[in-house]
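Only one chain is included here, represented as structure tokens and corresponding to the form predicted alone.
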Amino acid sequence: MIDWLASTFHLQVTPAQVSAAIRAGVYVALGIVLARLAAATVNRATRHMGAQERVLLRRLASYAVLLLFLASALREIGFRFDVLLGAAGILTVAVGFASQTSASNMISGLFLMLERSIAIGDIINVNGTVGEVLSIDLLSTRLRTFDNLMVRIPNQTMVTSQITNYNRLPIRRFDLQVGVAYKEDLAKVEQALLDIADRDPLCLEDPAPLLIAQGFGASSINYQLSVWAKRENWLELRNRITREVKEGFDELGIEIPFPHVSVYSGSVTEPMPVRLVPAAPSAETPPGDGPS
């Protein structure tokens, strides 16, 4: 086979070159196998670490082993690394000027990994984009939104933007805004809201529920009921506490008013009377054809 290729393409292939090529191929194959083995070993040894640290160490181990065997394979076929180093210096300067944004993203990615403000699996909000962190790479961070879209955000944007992490702390608070009619007994209303929070098993006792009077509104006296829940129960509590307040107020006869407008004429206390007048017949309607 080698003799046929040499004769076809007029190549002068010596046995030493064939032997070097075979050794290079063996180095490449062995490097691929050992790189996968190194990645699996690092993955098992770092089970106690976070997901992002495990991914980073696994990639570093795999790439290091693979590059080492690739360099050995290139040396077997006569590749000179001193020439490569000289060319790499010139190429690095040229690429540095052309890829300032990429370099900034790489540095920002290192900051994200070292700071550990976010991790794989966290639910975050970046400039209005909410999603789950899939990976934190050197150049960008990938999110999966709740409608199953993949969003790639440059690391420089991640570092310079305000990030809200919904998974970092173990508990969260929900603030329910509720208004009651002016005629209601406020002591009864306040006790009813606190009782509803105490009866809900998802509301934490510490921190305790908090009731804040918001003041007088256009058609109601407004309150804020603040309740705490475990992070995994927050959404369920948010959905059910509103229903519980509505049902509790209905049982106690407490009115939750809706905005309305009262029209007065001449007197502050007496509403303006309204009288309905039947419509006049149209001028085009012949006499006797109107309503009887």
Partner chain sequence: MRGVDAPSRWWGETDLVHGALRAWCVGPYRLWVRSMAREWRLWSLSSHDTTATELLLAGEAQDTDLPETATLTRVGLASERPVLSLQPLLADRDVVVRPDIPLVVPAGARLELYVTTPVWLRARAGAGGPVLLEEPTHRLSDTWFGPNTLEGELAYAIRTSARLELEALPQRPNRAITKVAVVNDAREPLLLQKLKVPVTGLGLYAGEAGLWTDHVTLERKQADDHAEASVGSGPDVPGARGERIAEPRMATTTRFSLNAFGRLLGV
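Residue numbers count along the first chain shown, from 1. Please read all numbers here as calculations on a predicted model, not as lab measurements.
Only in words, not in the display: the form predicted in complex with the partner chain, which the text now covers.
For E190, no non-hydrogen atom is located within 4.5 Å of the partner chain in the model of the complex, even though that partner is not displayed. Residue contact with the partner chain in the model of the complex: Q224 places no heavy atom within 4.5 Å of it. Proximity of L202 to the partner chain in the model of the complex falls within the 4.5 Å heavy atom cutoff. Although the partner is absent here, D175 is not a contact residue: none of its heavy atoms lies within 4.5 angstroms of the partner chain in the model of the complex. Between the options P207, P154, G121, G217, the residue in contact with the partner chain in the model of the complex by a heavy atom within 4.5 angstroms is P207. Taking a 4.5 Å heavy atom cutoff to the partner chain in the model of the complex, the contact residue among L169, L114, A213, M150 is L169. Heavy atoms within 4.5 Å of the partner chain in the model of the complex are found in one stretch of 225-233, 61-69, 25-33, 38-46, which is 225-233.
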